[in-house]
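Only one chain comes next, encoded as structure tokens, the form predicted alone.
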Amino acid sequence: MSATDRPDRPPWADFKGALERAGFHPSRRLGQNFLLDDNMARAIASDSGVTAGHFTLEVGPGCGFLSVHLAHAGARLLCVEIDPRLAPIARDFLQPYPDAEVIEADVLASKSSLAPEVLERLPAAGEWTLCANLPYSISGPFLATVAQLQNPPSRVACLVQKEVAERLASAPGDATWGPLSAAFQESYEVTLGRFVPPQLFWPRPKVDSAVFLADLRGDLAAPEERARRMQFFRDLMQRRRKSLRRVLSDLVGGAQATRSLEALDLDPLRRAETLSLPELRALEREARADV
């Protein structure tokens, strides 16, 4: 379908009417807060960089408000919606777009693996994009899982809780730098995007939201190496008040910890969350060398 053939995007009133006819009430358990602002939805779709024919994954499309902007840009769109009340509504609004598919599923099979029906639809090679208003309850585990895929998305543009966006984009020395920051940045260069205030959502969340943008690193390691590093970063950085020597000793033994820290000239009394990504990578290599 060419740009000139695509239908006009339906106004928010059409989406709201469809929800009302379905007797829909948002679920707090599923973290359902719908972005109502058409300009912001259009901006997020634009931030994703999606163009005609580009494969795009959207998680938690709801009734399809952001989806139609992505589909209108010509994306080959896969929407994964867990709520059986919403998936049919999204399908109806995306019906004019033959390259858009909505499946009803929980995107996560477990805390660290994608659902098989999602994984089998993702491109095995080549560039693709993740763009979504992510449910807050799954954003951390889902993004960490995506970063470990054999062929992860080359571009990520997601709306999440502002605190999560800041954590993903943080640097050593920031209060928000931690296991998720280091693990995700092992695969991605991350920047903070747009601030999205609560009044643009229905119902209004009690927290602020923000878009973060991430581009795949040019020096991306093999999947097995990425997974090993990410697990090491998490193990090392989970105990924020312990010294580097204490935590590393618990992971690889006291003698190996001492050798590794001396080889890299790292202060054993430092805390793990002060280490930069290059330092974390070097320490992982050194600490695992004889293990």
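Note that the coordinates shown come from a computational prediction; the quantities given were computed from them, not determined experimentally. Residue indices: 1-based, along the sequence shown.
Not pictured, yet referred to below: the form predicted together with S-adenosylmethionine.
- Comment: S-adenosylmethionine is not present in this chain, but in the model of the complex one of Val102, Leu180, Val107, Leu213 has a heavy atom within 4.5 Å of it, namely Val107.
- None of Ala221, Ile82, Leu192, Leu122 but one reaches within 4.5 angstroms of S-adenosylmethionine in the model of the complex through a heavy atom, and that residue is Ile82.
- In the model of the complex, S-adenosylmethionine sits beyond 4.5 Å of every heavy atom of Val156.
- Looking at Leu86, you'd find a heavy atom of it within 4.5 angstroms of S-adenosylmethionine in the model of the complex.
- By the criterion of a heavy atom within 4.5 Å, Phe34 is counted among the residues contacting S-adenosylmethionine in the model of the complex.
- S-adenosylmethionine in the model of the complex is approached by Pro135, whose closest heavy atom lies within 4.5 angstroms of it.
- Of the stretches 250-258, 47-55, 60-68, 230-238, only 60-68 has residues with a heavy atom within 4.5 Å of S-adenosylmethionine in the model of the complex.
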